[in-house]
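Shown here is one chain on its own, the form predicted on its own, set out as structure tokens.
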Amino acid sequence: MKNIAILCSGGDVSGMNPAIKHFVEYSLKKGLIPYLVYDGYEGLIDNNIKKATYNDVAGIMIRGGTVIGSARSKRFMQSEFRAQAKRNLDAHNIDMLVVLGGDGSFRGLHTFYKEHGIKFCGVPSTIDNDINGTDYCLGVDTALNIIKVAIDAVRDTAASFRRAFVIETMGRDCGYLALVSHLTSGSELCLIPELPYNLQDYKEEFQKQIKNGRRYFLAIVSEGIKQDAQEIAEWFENEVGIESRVSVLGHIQRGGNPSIYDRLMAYKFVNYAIDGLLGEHDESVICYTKQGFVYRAIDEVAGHIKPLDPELISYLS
């Protein structure tokens, strides 16, 4: 029997716990002995590695975040600590890893594989949906649904008080969450890092709409734009002439009960990850595309900027 482990690295997402649950169940089904690594690469270094049973993952399907914890490990960037992680894995006879994480996590894995030969499969897991080579990352659907609920709630207050609300989403330098939320909420303005903008281009039209009876505006902005949300709100007040407020959604976007779609995608991602490791894919990332699931090499995924879907961007014009 072979031993296999799973860990989470980087930011948590809703969908990790369903993935962890299915990892244990599918590993046992395939005749593998599953291990859980707690607190990401830090857990590899500190030997926080435990054999898993069904009981360890019972009831976690509905929970956001990750029951095994996650971390951003600076120590794992150093060769001596990667060597320590390898010794710990050897002590448990583990030579296969499934890693739920993002770009930085996968780059660390690539180095680990080249140095020590530990086979791995990465599962793209970030609400930013900014990993190159995959159309979908675990946790995105849940995050979008949380944003949807927040926008719908803010709209009620905006209409009641005749205000403009500037709602800031996460995404670092990727505007995916803001763009999709704008298109599906009917907001009046969307600003994302991928597209240059000039607020003055909107001034005349927005003032015209107010004269014609508009009571409120919703502006969805990504955290990576050149101005912060407060500056956008001040522009609404000083230039457009409507009272304004800011709502920064922050980390509520990363948590919450995983959606049905994220639970299903977690199931599929893990199946492909384990099957790939048992097959001929020693170092890969399992990606979801219009053609289905594909295994991609780390060099295709890590360190590359993922462009937004041109079709989605075209809807802004």
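All residue numbers are counted from 1 along the displayed sequence. Values in this document were obtained by computation on a predicted structure and should not be read as measured data.
FYI, the form predicted in complex with a small molecule isn't displayed, but the following is about it.
Undergrad: Which of Glu223, Asp141, Asp95, Glu194 has a heavy atom within 4.5 Å of the small molecule in the predicted complex?
TA: Of Glu223, Asp141, Asp95, Glu194, the residue with a heavy atom within 4.5 Å of the small molecule in the predicted complex is Glu223.
Undergrad: Consider the chain as shown here, without its partner, and state which of Arg107, Arg87, Arg72, Arg75 has a heavy atom within 4.5 Å of the small molecule in the predicted complex.
TA: Selected residue: Arg72.
Undergrad: Just one of 122 to 130, 228 to 236, 200 to 208, 150 to 158 has heavy atoms within 4.5 Å of the small molecule in the predicted complex; which?
TA: Heavy-atom contact with the partner occurs in 122 to 130.
Undergrad: When the small molecule is placed as it is in the predicted complex, are Gly171, His251 and Arg254 each within 4.5 Å of it, taking any non-hydrogen atom of the residue?
TA: Result yes, every residue of the spot touches the small molecule.
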